[in-house]
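As a starting point, one isolated chain is supplied in structure tokens, in the form predicted alone.
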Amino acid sequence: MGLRENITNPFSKWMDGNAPEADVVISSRVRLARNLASFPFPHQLSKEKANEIIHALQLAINNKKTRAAVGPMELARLAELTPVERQILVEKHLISPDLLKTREEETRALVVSGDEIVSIMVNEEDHLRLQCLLPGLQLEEAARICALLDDALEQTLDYAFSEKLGYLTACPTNVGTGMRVSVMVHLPGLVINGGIKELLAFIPKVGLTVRGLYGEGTEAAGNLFQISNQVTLGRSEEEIVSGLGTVTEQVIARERQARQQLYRYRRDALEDRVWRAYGTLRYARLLTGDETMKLLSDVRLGVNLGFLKGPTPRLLNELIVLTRPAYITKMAGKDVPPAYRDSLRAKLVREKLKDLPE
């Protein structure tokens, strides 16, 4: 599938709900920050040098060894995409909001595989941000795929590396392995019973951080949170992956316990909440983006607890992207007022749910 088809298609492989621990963990991501030797960091790059990096990466991904390691990938400059298409890439978690914070779109680019498991941001904070995104709790597998891509590219590209410090990055907090690992988790049980406050206080004490739906500087929506490592220097890649995996297992246990307690002691209230959410999604004529995320969270909770049949985890994950503003704007073919967008969002959700059981 080409990049244009990827943008049109709301589904990405990370949305597949048939994955380990998928009732709590929506996706696992591993990201490696890499820079090319003899080039200034992106904030000091000239357009000429930035284009040289894009050209060098194009040659590297076309290399036979790279294609053999991770399959074919496509490169596109942001200037080749419309503002709406760029925002869709953010909503699909293929690029960060920071990649869009410059007017020099021609100096920034994206590389993506057909299944969207592997992607590379070019000239964001670092020259390259290699990413692997998988459904459920699959941190070790994501790290393995990212390492394959990293090793293949390094056969062609000359990375900035220090024997003492490790990989050199624009931000000191990424120096060393340059690795950031994260999981997107759905925590409605802990939010409803108030346990989320204790969790948010615990996470930083073990060297991790909690962010919103689209990473740093964004807010949580639909009870979805990203948990990631803070330290990259002085720890091996294996230790970083293992550390987040261990904490994630604890989070999963806490969330499942919270859900079971809610269902045991507040069953009527919980079922009423879930069925009201499902009914609203099936029949509402106007839905705001925030309201939709909250309703999808409640429906997902009912599906995970087993008393609501019909909506699949894959469909619910897909609706996260389908109901975001950029995708609705693309479907409309033009910018539309918020009220009309709310109408289109509600219609889209009704269409997706109409053939499911009452």
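The first residue of the sequence shown is number 1, and the count goes up from there. A quick note: this is a predicted structure, and the numbers were derived from the prediction, not measured.
The form predicted in complex with a further copy of the same chain is left out here; the points below concern that form.
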item: Contact assignment for a further copy of the same chain in the predicted bound form, among Trp275, Phe161, Tyr265, Phe202, heavy atom within 4.5 Å; value: Trp275
item: Option touching a further copy of the same chain, based on a heavy atom within 4.5 Å in the predicted bound form, out of Ala221, Val90, Ala284, Ile196; value: Ala284
item: Partner-proximal stretch of 265 to 273, 145 to 153, 80 to 88, 249 to 257 relative to a further copy of the same chain in the predicted bound form, 4.5 angstroms, heavy atom; value: 265 to 273
item: Partner contact for Glu5 in the predicted bound form: a further copy of the same chain, 4.5 angstroms, heavy atom; value: no
item: Contact label in the predicted bound form: Gly279 to a further copy of the same chain, heavy atom within 4.5 Å; value: yes
item: Exercise: Glu318 in contact with a further copy of the same chain in the predicted bound form, heavy atom 4.5 Å; value: no
